[in-house]
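Next up is one chain by itself, shown in structure tokens, the form predicted on its own.
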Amino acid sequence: MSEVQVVHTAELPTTTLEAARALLDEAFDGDFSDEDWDHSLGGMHALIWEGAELIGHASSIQRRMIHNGRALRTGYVEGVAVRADRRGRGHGAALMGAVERVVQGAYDLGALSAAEAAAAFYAARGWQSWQGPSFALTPAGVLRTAEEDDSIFVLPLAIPLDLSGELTCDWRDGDLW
């Protein structure tokens, strides 16, 4: 298997960013918006190359989550994809291993929003399904995000969590989770 490259957005050439965006557009069948792409930027990217072709991407960006009255510096995982013809070969696990090391080394908490088809993959890696209600801190105040409750996963680190408690994410355009 190819080696995973881990690099900050600021160090990625335009051609690599374009290749990552194209990979994500294809992997999400055209349902990967400009806002989704923006959410994947500004942090650490895990990339898998096969020769000159990018075949896998994942990123971890910093967000703030509020839980039990405390703001937690959170490594939020975005843009996880492996090219369709390269799936089932351990590339997804390698990408997640790389971003998990970033999260574990730099943040209080790991979090992500998983598509239903990917939930078992994340659970098998130790990510835990959030059982409590979710919210977002918006310009208009705190907003309940009940439609996201079943898709939120967390990677607990040093901070004790009540998985049945409330979890509030910071504001961003597009999908809040």
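Counting begins at 1, following the sequence as shown. Predicted model, so just to flag it, every value in this text is computed and none were measured.
From this point on, the text means the form predicted in complex with a small molecule, which you will not see here.
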*Using a 4.5 Å heavy atom cut-off, indicate which stretch of 23-31, 38-46, 66-74, 139-147 touches the small molecule in the predicted bound form.*
23-31
*May I ask whether 87, 113 and 121 all come within 4.5 angstroms of the small molecule in the predicted bound form, judged by heavy atoms?*
yes
_Taking the small molecule as it sits in the predicted bound form, is residue 117 in contact with it (heavy atom to heavy atom, 4.5 Å or less)?_
yes
*So, in the predicted bound form, is residue 102 in contact with the small molecule at a 4.5 angstroms heavy atom limit?*
no
_Partner contact for residue 98 in the predicted bound form: the small molecule, 4.5 angstroms, heavy atom_ = no
_Interface membership of residue 93, the small molecule in the predicted bound form, 4.5 Å heavy atom rule_ = yes
